[in-house]
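One chain comes next, on its own, written out as structure tokens in the form predicted alone.
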Amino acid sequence: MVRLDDFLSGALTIAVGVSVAIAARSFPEVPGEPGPALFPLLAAGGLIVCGIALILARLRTTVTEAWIERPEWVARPRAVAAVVWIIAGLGLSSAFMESVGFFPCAILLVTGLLALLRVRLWIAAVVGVAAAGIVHAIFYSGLRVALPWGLLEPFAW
């Protein structure tokens, strides 16, 4: 919940990009098709480029501010709750995705986040279901990566 100097943010962004690239290299290859590693590798490349850009921009300026400072949104409980919801939700989703399934995890994550951000509950639920469906279609049909069905296995197509 702190604001990092652009140099530190850039270094962290590069480290995340390199980590994603290393992890994506272990994904299986699909002969004649891009395969499941394509988008993670593209994202990793984008992260690395953005990290380098942040570092270069910081080196070109003379900033006298602190390298680390608390942003003002930390004083707003809903904003902090939304950040905690995302981090905890992603962690719990990765732990229970196989048994519970992608659809319930994604719907709960998106709907809960939108509800925390004061979106009407029925709109949050509709957006949560739609987002889960769109992401599933992209992975299942476009990338041919099967997401876990979990509890919804009897309804799998």
Partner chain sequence: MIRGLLFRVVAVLMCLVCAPAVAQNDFPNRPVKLVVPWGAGGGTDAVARMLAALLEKDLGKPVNVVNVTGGSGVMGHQTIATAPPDGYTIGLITTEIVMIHHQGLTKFNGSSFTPLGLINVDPAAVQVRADSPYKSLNDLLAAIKANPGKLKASGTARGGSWHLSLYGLLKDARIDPTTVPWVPSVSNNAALLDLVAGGIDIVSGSHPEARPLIEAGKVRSLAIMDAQPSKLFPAVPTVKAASGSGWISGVWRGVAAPKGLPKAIEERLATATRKAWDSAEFRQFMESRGFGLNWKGPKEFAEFLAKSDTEAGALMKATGLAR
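Positions refer to the first chain, counted from 1. Since we're looking at a predicted model, the values are computed, not measured.
The form predicted in complex with the partner chain is left out here; the points below concern that form.
Legend entry - Contact residue in the predicted bound form, from A66, V30, A125, L59 (heavy atom within 4.5 Å of the partner chain): Among A66, V30, A125, L59, a heavy atom within 4.5 Å of the partner chain in the predicted bound form occurs only for V30.
Inset, instruction - Classify A15 as contacting or not contacting the partner chain in the predicted bound form by the rule of any non-hydrogen atom within 4.5 angstroms, answering yes or no. - result: Although the partner chain is absent here, A15 would stay clear of it in the predicted bound form, with no heavy atoms inside 4.5 Å.
Legend entry - Residues of 132-157 having any heavy atom within 4.5 Å of the partner chain in the predicted bound form, listed in sequence order: Read in sequence order, the residues that approach the partner chain (within 4.5 Å, in the predicted bound form) are Y140, R144, A146, L151, E153, P154, F155, A156, W157.
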